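Taking the form predicted on its own, here's one chain by itself in structure tokens.
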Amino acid sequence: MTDFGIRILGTGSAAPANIMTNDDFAHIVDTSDEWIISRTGIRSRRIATEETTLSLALDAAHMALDNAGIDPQRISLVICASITAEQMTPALSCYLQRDLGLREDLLAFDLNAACSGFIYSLITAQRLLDPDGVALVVGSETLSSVTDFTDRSTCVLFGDGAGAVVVERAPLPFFWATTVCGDDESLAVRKYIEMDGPAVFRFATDALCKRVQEVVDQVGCSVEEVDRFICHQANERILANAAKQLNVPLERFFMNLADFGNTSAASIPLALDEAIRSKQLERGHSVVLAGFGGGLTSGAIYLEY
């Protein structure tokens, strides 16, 4: 914890127009709507046709900047979290600087921490922001590009989308906790996403609870005092188990995975934007953002909206 945190000035999100339902998957792999919903809580997801990781990032960033209501020339830092950029280099963040017309004397880079990527990016932004600076932090993914649509255990889980936030340095509480366990077997992307579902489920539930508890312990409050939890949208059962272990009503865990599935680094900012637009997260509320993903990585942030 430092003597400063961040204030969220604006959020935005974007998703492909094409919706792929569970029934659509039943036509290409041995599965069913009931099977998918009962195990994941997912009913549909967005799959890119003409959209790209960059175009989704741009749409979300434009919305966040509009909602922030600031001069884009104030942006001094751009971080984009993704595992599905169209190319290794230049970075997505460099294209965002160019296509958004941002100034050239800023710091721009991409960050890969899989589904924890947005958490890591927001922590990094908080550490790098100067007193007068404003950061644009984006999570954008087209996981359909690395999904094996013949593997029923993974293909039904993932979707495409993007989320973005504009933040400035502010005298607000900001606490964080992260961990990396160096496991490349449980969850990896080589040509396609490969996942040991049971192992990831166990890791995710345990890591989520530990990181949440660690940040509220730093704050000096109880878990029950947190107004809202916005976690990586991977599986409804993971979030339900975490809520039960933390002794928090599941209603405090914002969820939109039924409509978007697992969008990796885009998951948390996409959910954050929807929670704010639907007024389920309002000014003055405390919120814990928490994620877990390949690496294996996990992290959580406590802040005030």
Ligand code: UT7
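From 1 onward, residues are counted along the sequence shown. Here the structure is a predicted model, which is why all the values come from computation and not from measurement.
The same protein also has a form predicted in complex with the ligand, omitted here; what follows describes it.
Peer 1: Sort through H62, R39, K244, R277 and report the residue having a heavy atom within 4.5 Å of the ligand in the model of the complex.
Peer 2: It is R39.
Peer 1: Tell me, which of V226, L157, I123, A177 has a heavy atom within 4.5 angstroms of the ligand in the model of the complex?
Peer 2: Flagged contact: L157.
Peer 1: Given the stretches 98-106, 126-134, 217-225, 195-203, which is the single one in contact with the ligand in the model of the complex, using a heavy atom cutoff of 4.5 Å?
Peer 2: That would be 195-203.
Peer 1: State yes or no: in the model of the complex, is some non-hydrogen atom of A164 no more than 4.5 angstroms from a non-hydrogen atom of the ligand?
Peer 2: Outside the cut-off, so no.
Peer 1: Does the ligand get within 4.5 angstroms of any non-hydrogen atom of N235 in the model of the complex?
Peer 2: The answer is yes: N235 has a heavy atom within 4.5 Å of the ligand.
Peer 1: Might C115 be said to contact the ligand in the model of the complex, defining contact as any heavy atom within 4.5 Å?
Peer 2: Contact check for C115: yes, within 4.5 Å of the ligand in the model of the complex.
Peer 1: Tell me, yes or no, whether E251 is in contact with the ligand in the model of the complex, where a contact means a heavy atom of each within 4.5 Å.
Peer 2: Residue-level check for E251: no, no contact with the ligand.
Peer 1: Is every one of D30, S153 and N262 in contact with the ligand in the model of the complex, taking contact as a heavy atom within 4.5 Å?
Peer 2: Yes, all three are in contact.
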